[in-house]
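The chain below stands alone and is given in structure tokens; this is the form predicted on its own.
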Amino acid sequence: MACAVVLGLAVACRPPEPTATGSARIVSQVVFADEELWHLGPDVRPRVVGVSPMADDPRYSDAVGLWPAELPRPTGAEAIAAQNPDLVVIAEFTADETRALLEQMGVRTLRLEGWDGFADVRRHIRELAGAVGAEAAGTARIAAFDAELDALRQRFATAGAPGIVSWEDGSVAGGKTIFADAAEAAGFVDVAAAHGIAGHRTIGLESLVAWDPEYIVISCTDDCTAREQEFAAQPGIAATRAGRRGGVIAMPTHHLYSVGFGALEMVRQLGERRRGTDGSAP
């Protein structure tokens, strides 16, 4: 049997028969999969032979502390192949050369694509669960997501929805984003979406000031209160309703940019902040 050679190093030959889904050795290269593979339960966890290096990064991951330190965190096709996986979970932002080399070696990949809202969270859970033979656990996980989301919607449902903008170095999140879905669930109107923006787009500070949103969401990694105060005092921002009335919300990055269950924490924080600011939520 011929063995694939990558960067001059021989990779172990793989058996000709495909491994059963329920016994596949799994490597994750996506934070979303790092999180969900753990939550798919004890039948799946022992088969995970590698997670992404980002799994341990508190700025982006809700999987910090879940996977044991001795579990490999491989980077690149060569290191991934060394774990002898049957399935590697990647995404559209995974390097093309990594994907190509894995396919040349006969390693099955699951490519998660599209992160445009809560419907994609459900779809990715379903795809991942199906790929690892944990369909029932995936169905239960989706049900739990929807139950928590429905409870948050009911908790923060009010008459009148203030405008909100997610802002990061000039980039705003419009319609067809997880932020837009989270904002709606928490009782807000995504101002960027209302201006016809879909996805993430860069705009000028002048446009943000002209929109004059009641709330502006920014990211933070440590002292979120200080970050809010600093941003609210910036020229231009200080003139907006958000800057004048305590509507700047600094949110930890692993919630603001979550593409999984962490987005529910974004809903919760947005709704609670609105209630604390204007007293409109029940």
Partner chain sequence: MSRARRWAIGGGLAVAALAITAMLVGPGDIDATQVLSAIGRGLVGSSRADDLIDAQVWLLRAPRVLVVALVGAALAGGGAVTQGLFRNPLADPSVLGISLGAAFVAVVGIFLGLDRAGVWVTPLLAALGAGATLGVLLGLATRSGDATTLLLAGVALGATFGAATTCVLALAGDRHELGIKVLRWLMGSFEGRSWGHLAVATAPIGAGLALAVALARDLDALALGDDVAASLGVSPRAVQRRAVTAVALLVGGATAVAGVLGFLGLVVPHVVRWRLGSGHRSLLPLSAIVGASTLLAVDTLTRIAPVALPPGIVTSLIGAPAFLWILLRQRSRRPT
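As the structure is a prediction and not an experimental result, all values here were calculated from the model. Numbering follows the first chain given and starts at 1.
Separately, the form predicted together with the partner chain exists; it is not shown, and the next lines address it.
Contact with the partner chain in the predicted complex, defined as any heavy atom within 4.5 Å, is confined among 138 to 146, 90 to 98, 200 to 208, 153 to 161 to 200 to 208. Contact check for P235: a non-hydrogen atom falls within 4.5 Å of the partner chain in the predicted complex. Contact between D212 and the partner chain in the predicted complex is found at the 4.5 Å heavy atom cutoff. Within 4.5 Å of any heavy atom of the partner chain in the predicted complex lies no heavy atom of W67. In the predicted complex, R45 stays away from the partner chain, with no heavy atom inside 4.5 Å. In the predicted complex, the residues of 26 to 63 lying within 4.5 Å of the partner chain by at least one heavy atom are, in order, R59, Y60.
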